[in-house]
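The chain that follows stands alone, in the form predicted alone, written as structure tokens.
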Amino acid sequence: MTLDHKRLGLMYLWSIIAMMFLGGAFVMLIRAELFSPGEDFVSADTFNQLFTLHGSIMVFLVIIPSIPAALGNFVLPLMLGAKDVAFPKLNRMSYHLYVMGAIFFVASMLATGLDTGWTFYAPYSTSESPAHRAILFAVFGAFVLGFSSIFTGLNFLVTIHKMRPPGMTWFKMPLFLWAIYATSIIQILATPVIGITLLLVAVERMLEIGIFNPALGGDPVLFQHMFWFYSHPAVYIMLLPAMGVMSELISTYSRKSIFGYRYIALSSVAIAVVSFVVWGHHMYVSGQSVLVSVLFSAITFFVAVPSAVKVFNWIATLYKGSIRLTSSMIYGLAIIWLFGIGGLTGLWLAALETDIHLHDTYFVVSHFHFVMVGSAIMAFLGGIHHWWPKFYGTMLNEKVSLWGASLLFLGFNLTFLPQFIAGTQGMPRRYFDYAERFEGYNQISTVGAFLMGFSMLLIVANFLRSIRSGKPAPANPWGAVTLEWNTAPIPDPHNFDDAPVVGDPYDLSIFKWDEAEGGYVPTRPVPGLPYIALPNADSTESQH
């Protein structure tokens, strides 16, 4: 029943990790079944239920809330110099809604064997098969999760507007805050649309009113329009916070001020705005007019521009930087590779001719995972490693962290790069069986998936070991200058005794690496900076 944003952030963190392992367990079964053609471990019906469970859990319960709800809750008020979020009780309620929605959502799908796919497309979700009789319960769970997302976005939006300390103008905010701000706009404006859509599914089933079901005079394509009007902006609910984490990682571990600060900040807002008008590129084969498809294609190419602004500015920041290959930086560099591939392969799917060939193939599966998992989850893990010293006041085992990050990157590429090739050769997604010519690609993917699973076990075991017996962390082990590092190793419940002094969040010349100390030390006195990076200090008091 805590109101402390930091504890709520950690509660979100471990809830999301638990859901990640549950969704990961389902995908292990999927990949084991796909190791060779024919039925090996599960039946065709069970396979359909497994990818529904995997997709639903990973999208709604892991990727969407991972950075905003977990890292955002912990870091945002600290980075902003505030004592808490604007509405602490609403923040706690958001977490309770997340837990209730997750239990209802997962339990209903497990109990009934739901096999609609994570998109709940009509007519799958409007049919009357035994597996679908409890779809009302699953829809209700997703509806509750939507409220959790809306409340979190509203809380962050008000906090950023109203609780900045004196001197923190819009263009003195860290870029992570800009990313969370843009994400919050999407959460508030887009999430009600999916809520209404799911509510209409429930109304149609209960009252037999024709909305999406063609047997009742409804239009299933209408469901697709309403679903993707939310779900394409939701892609950026997953991506924009990851981009905010990236800006912090790249600047901190290259020891350079971020290149093109204003362009990166404003590109976050541009992505949030343009993301609302590109949903039609999911529906080129739905029968919509050629003119509409051409317009959606053009706008989709345009939305790549602000994303490319971020990537090229990150690369420019790395140029001639004093790069430290910590585990957090490994995640950051991996994201540039993975998001680059995910973004570039999106161009084939934005173009009308190539999309018609690639639609509903494994090319789409691979593109989606490179963008969502390769960028959002990698940034989530990179952010955890970066801010872990603030979470528990201990250091992670860096060698284990490096092994975990490297194996995860290798496993990810083994899993999804072959799927691009299989997709271009015509292997359809979501199929229980496949032609023998695709067997080699699937076997490589399965080996990669199990390597990813092993690396995640290694990473989380490192987290648990650090909590129990990790080396005490200094207040600022990375020599970063954003305000969250201007607190005690474990921040007090009220974060700051006085309003912190605001400076340039990317002036990394304040600290330099000292070999004798084995860490970063200040290069000059800085007003309002009570804590310094002394990794060899024996006590918290000696770090003042």
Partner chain sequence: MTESSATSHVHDEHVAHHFDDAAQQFETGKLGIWTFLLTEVLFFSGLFVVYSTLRNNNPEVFAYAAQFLDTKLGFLNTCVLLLSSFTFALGVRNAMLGQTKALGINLVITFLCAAGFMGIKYQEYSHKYHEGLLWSGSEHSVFKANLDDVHPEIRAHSSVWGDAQKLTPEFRHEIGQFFAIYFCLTGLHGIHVLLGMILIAWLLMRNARGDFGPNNFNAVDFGALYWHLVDLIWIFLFPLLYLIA
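Residue numbers count along the first chain shown, from 1. Predicted model, so just to flag it, every value in this text is computed and none were measured.
The form predicted together with its partner chain is left out here; the points below concern that form.
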| property | result |
| --- | --- |
| Sole residue of Leu402, Leu458, Leu266, Ile150 within 4.5 Å of its partner chain in the model of the complex, by heavy atom | Ile150 |
| Of Ala86, Met100, Ala202, Val365, the one that lies within 4.5 Å of its partner chain in the model of the complex (heavy atoms) | Ala86 |
| Segment that reaches its partner chain in the model of the complex - one of 214-222, 458-466, 104-112, 383-391, heavy atoms within 4.5 Å | 214-222 |
| Its partner chain contact at His161 in the model of the complex, heavy atom, 4.5 Å | yes |
| In the model of the complex, Gly470 touching its partner chain (heavy atom, 4.5 Å) | no |
| Heavy atom of Phe450 within 4.5 Å of its partner chain in the model of the complex | no |
| Its partner chain contact in the model of the complex: Phe143, any heavy atom under 4.5 Å | yes |
| Candidate site Gly9, Leu13 and Val62: all three near its partner chain in the model of the complex by heavy atom within 4.5 Å | no |
| Members of 193-210 lying within 4.5 angstroms of its partner chain, judged by heavy atom, in the model of the complex | Val193, Gly195, Ile196, Leu199, Leu200, Leu207, Glu208, Ile209, Gly210 |
